[in-house]
Each structure stands twice: as structure tokens, then as C-alpha cells.
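The chain that follows stands alone, in the form predicted on its own, written as C-alpha cells.
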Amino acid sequence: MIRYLTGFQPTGALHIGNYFGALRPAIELQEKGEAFYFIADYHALTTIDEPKVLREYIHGVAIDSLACGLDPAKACFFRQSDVPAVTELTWILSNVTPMGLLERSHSYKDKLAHGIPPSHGLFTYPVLMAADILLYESDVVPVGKDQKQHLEITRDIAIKFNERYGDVFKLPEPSIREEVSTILGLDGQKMSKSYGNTIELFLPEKALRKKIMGIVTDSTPVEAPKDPTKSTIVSLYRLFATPELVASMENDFRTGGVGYGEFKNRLFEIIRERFSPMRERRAELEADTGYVHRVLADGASRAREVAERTMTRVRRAIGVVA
């Protein structure tokens, strides 16, 4: 059976980019194979240094994921830090990872360009990601287009290890959903918590409307035709609407006579409608934190069993055990 693996970073409330880029594909894949999904709390340490905030984000990602349809009866759902073997494997893999491989990481350069302070953790982030993937013998890793390089680095590290110590790791394959490979944020850039341009999944209605109305647009007058191919509004609307509704909005753009405010309102209404049932489920989970904790504990127990089998092979291969 094919094993899928995805990690969710607890660096803030889940947003639309997270949902379409990782969460929804993960929920679909739990029906197709063996799914391992984890909350990447160690990864979050590269940007979050307040313990209380991190705890809140971890809990938030857990209930957001469950509210959106992640099913613990079908997927192994756990916290990264509940499996200590991942840090052990990270150190072992670090010793076969060339510096040049990490220096070429686009993600590292991009984060520095956006003002995130450089650190060893940020620089070696791809090695921890490789440990996440290889530890659970993952076959397929759904990734956004911007994360494809990290999976390529994982494969390179696995090849280096196998060349030195024997055939220990399988080489995972990426699964990229091209139609949602880049979700645009409020400013037209890729939607990212790092850029502060996100639309969170479970915002109160008033806050959601304010976010949508804040989408950056040009100064084209209401009566003038507009280009839908260059619109963040249309790009986001396409994620939620039927082809017929999208075609109608695109036609209104080209015809003129409809202002950006009206287009934003259509986007607001369809987003609110899509997440309404999930919002109700989230409220139920928020009132039953014991259930959420049990789900993560059960998932961690299962994940540790798989991780220990992998580490037994790794330790034997490198010579620390006979």
C-alpha cells in the first residue's frame, strides 16, 4: 500500500493556501492509501520563539485539520516532537548532506529576503524535512510547487546515505497539484504567513469580510473593462466556484460596469459558504480538547513504532549498534 506523508506547520492559523495546497489533498489521499500526517512543531521553531504562542498554534492546527475532514481512523495524525527519533535521524543525515546542497535552497534565500533572521535551524531546515519523510518510509509526498526543491534535496540526501551505507532508504516521489500549486495572497504574492497576506480558514465573518475587501486591486474605474487573468480576486474565486460562476465573473470583468467591491463580495460569500460546516465542526472540537489530545497521542504511538523500525536499520547501517 502506498504511504503518503504531509506536515502542517503550526506558525499561525491555517489559511486558504494551506487548505488547497496541503490539507485538502491530504484529506483526499487518506482515502487512497496509508496516510501519515504530522504537526511540524520543530520546524516552527525557526520563526516562533514564544512557548505560549507555539502551544496555541499547535492546538489550532490540530482542531483546524480535524474540522476540515482529516479522519484519525484513516490517517495517522501526530505531533512531530512526539517522535524523538526524528531529531536523531536529522543529525545522522546531516553527516552525509553536502553544504552546497543546502546553500542552493531557494526557500532559505527567500526567507532571508523577507526579513527572517538567519540561523542554523533555518539553514538546515531541509535536513529535518528529509528526516520527516525518510523516517516513515514515505512513498509519496504532496508538496506545493515551491516545496518541490525540498523533496529533491530529500532524495539527494537519501541517495548519499544509501551510497555510503547500503540500501536503507526508499526514494520518495512528489505529488504536485499544478492547478493549485501557487495560491495568491491579498497582495498578489504567494499566500504565506511570512508575508502577512493570508486569508485564514475560520475567521469571524466581520474579519473575513475585512480581509477580502483588503485584496489589492488597481485603479480601473467601475465602468471600464478589466483583465480577469491578472486579478487576485478571480484567481481565488476559481478555487471555490463552479466553472459556470467563474465564467460569469470573467465575463463581467471584460464587459465592465461592475466594480472590484462587488467582485470581492462574491468571493466573500462563496468562502463563507464553503467553510460554514467546517466552522461548526471546529466549535465542537474546541469544546472537547480531550478528544483532540487522544487523537494526537494515539497517532504518536503508531508513528513511533514505524520510526523505530526505520531507526533500527539506520543504527545498524552506520555502526552504532551491531
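Values in this document were obtained by computation on a predicted structure and should not be read as measured data. By rigid core we mean the largest C-alpha set that fits within 1.5 Å across both forms. In this text, residue numbers run from 1 along the sequence as written.
This protein has a second form, the form predicted together with tryptophan (TRP), left out of what is shown; the following refers to that one.
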So, residue 63 and tryptophan (TRP): in the predicted bound form, are they within 4.5 Å at any heavy atom pair? no
Tryptophan (TRP) contact in the predicted bound form: residue 89, any heavy atom under 4.5 Å: no
So, in the predicted bound form, is residue 147 in contact with tryptophan (TRP) at a 4.5 angstroms heavy atom limit? yes
Consider residue 40 of the chain shown here, and say whether it contacts tryptophan (TRP) in the predicted bound form, taking contact as heavy atoms within 4.5 Å. yes
Could you tell me which one of 202, 125, 237, 161 places a heavy atom within 4.5 Å of tryptophan (TRP) in the predicted bound form? 125
Among 76, 129, 93, 215, just one has a heavy atom within 4.5 Å of tryptophan (TRP) in the predicted bound form, namely 129
Please determine, with the chain shown alone, which of 96-104, 204-212, 242-250, 130-138 has non-hydrogen atoms within 4.5 Å of tryptophan (TRP) in the predicted bound form. 130-138
Need the contact residues for 1-22: heavy atom within 4.5 Å of tryptophan (TRP) in the predicted bound form, sequence order, or none if there are none. 5, 6, 7, 9
Does residue 111 show a Cα shift reaching 2 Å between the shown form and the other one after rigid-core superposition? no
By the 2 angstroms cut-off, has the C-alpha of residue 79 moved between the shown form and the other one once the rigid core is superposed? no
